[in-house]
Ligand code: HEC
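As a starting point, one isolated chain is supplied in structure tokens, in the form predicted alone.
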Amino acid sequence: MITSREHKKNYFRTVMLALVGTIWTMDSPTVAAESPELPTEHAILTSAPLVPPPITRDYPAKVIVTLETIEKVGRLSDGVDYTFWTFGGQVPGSFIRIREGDHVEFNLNNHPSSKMPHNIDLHAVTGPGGGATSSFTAPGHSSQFSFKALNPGLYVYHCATAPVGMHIANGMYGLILVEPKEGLPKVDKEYYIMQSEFYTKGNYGEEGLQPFDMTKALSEIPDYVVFNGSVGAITGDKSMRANVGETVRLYVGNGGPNLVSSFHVIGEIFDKVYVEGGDMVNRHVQSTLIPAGGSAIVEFLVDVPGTFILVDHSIFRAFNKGALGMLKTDGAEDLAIYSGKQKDSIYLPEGGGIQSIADSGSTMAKAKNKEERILFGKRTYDQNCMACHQPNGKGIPGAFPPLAGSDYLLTKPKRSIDVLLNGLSGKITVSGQTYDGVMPAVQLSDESIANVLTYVLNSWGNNGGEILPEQVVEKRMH
């Protein structure tokens, strides 16, 4: 109990000083601690799938990292747009490469056009929120904090502003590599891949600007699971490249926000996997698990040429939701390692039948003219037909007939409507070659069937023409 007036004065003085100190701490920026004198450099930042060059110095440095958050509309899939929240204007965010022992000055700029405040939680940071508590940044403002890179490894970073899951689901994640002091073993090619999922009001492939769907996110049922922010981001002309005899290192992250990835490269075996991005190495691995908010480093030697497909081996995600990429390799064949097909003969077991592939039920825009029908048809082809009949329409010899230059198709174009509606089983002759297989009935809308057949008729040197939805309706009724 305080009994004297002097004691009361001292007590209240102490309380007031404590309150003032608290208010000052809340409202004023922290004075940066003095760092040892170090050479200063600005970090090289790259957009996926590119990686900054390896660090060659053998001493720590003060590394200045400047990253901007910006909200922008971009492509999620052909015909599908999304308002991405980004680090560096891309999804995933810029790749950051530093060295163990570096002192990092981190500057976060939030573009004035942003509607939301943002911050950054770097899993490489030892400190409250991984930097999130010091980097909360309103639109049109900048924040700065510093940290020392204590632990080597490959780490995820992401926005941690509430609601955290929504900021991550909209694209706010990336990777930061802290190279060990002794450096990483030299390889020929390095690439940056990040898996994530998107939750949209419309189903997969439904066109237009799609908003975020919180109900689907809470249920953990994404419409899209993709590499590097969109369907096809590392396929076709955007594929990664390597040559036979080269070593390839992939820095693979999983932004989540919910799913665990089963990362696999079809036709390759990982010589090394740096498990969860740390220093424990597993060897001769077929697939590796990457948790949401985690990473892995995989390395392999390219032994033979070809296109190697990268997938999440939760396989419907790859072929039906977008988690698919390509590594195209060039060089001489080595038939001792991989011969290619050596024999093709007929095998006719008992049984068989025509199955069907269901449509996604998406609401598709209706074509106003032939040009739009071809455009929309390409999207349907890419999603439903390309795996069998190939991007060039040439099919797979002995398995799937060609659509390019196909006399079976071009002499009677309307016959293909029956094939899509009802499927096809048994022998057919296409351009002089006999095929004996099963074509599943594809349960597409009348509009989608007309579009995809019109696309096929006008592609790969075929002689043109147009199929209309009314013609599909007529065939369906008869």
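Rigid core: the largest C-alpha set superposing within 1.5 Å between the two forms. In case it trips you up, residue 1 is the first one in the sequence shown, and so on. Being a predicted model, the structure only gives us computed values, none of them experimental.
Beyond the structure shown, there is the form predicted together with the ligand, which is absent from this document and is the topic of what follows.
- Of the candidate stretches 294-302, 255-263, 377-385, 235-243, only 377-385 has residues with heavy atoms within 4.5 Å of the ligand in the predicted bound form.
- Screening G101, P402, G153, G88 for any heavy atom within 4.5 Å of the ligand in the predicted bound form leaves a single hit, P402.
- Residue-level contacts in the predicted bound form: of I55, L424, V51, L67, one residue has a heavy atom within 4.5 Å of the ligand, and it is L424.
- Proximity of S445 to the ligand in the predicted bound form falls outside the 4.5 Å heavy atom cutoff.
- Shown alone here, E41 lies farther than 4.5 Å from the ligand in the predicted bound form, counting heavy atoms only.
- Taking the partner from the other structure, the ligand in the predicted bound form has a heavy atom within 4.5 Å of a heavy atom of S416.
- The shortest heavy atom separation between Y408 and the ligand in the predicted bound form is within 4.5 Å.
- When contacts are defined as a non-hydrogen atom within 4.5 Å, none of F84, P112 and H118 contacts the ligand in the predicted bound form.
- Residues from 414-451 that approach the ligand in the predicted bound form with a non-hydrogen atom closer than or equal to 4.5 Å are S416, V419, L420, L424, S425, G426, I428, V430, Y435, D436, G437, V438, M439, P440, V442, L444, in the order they occur in the chain.
- Positional change of T46 between the shown form and the other one stays under 2 Å at the C-alpha, relative to the superposed core.
- Core-aligned CA deviation for V63 between the shown form and the other one: less than 2 Å.
- Relative to the superposed core, Q383 undergoes a Cα shift of 2 Å or more between the shown form and the other one.
- In contrast to the form presented, in the predicted bound form the C-alpha positions of D78 and P401 draw closer by 3 Å or more.
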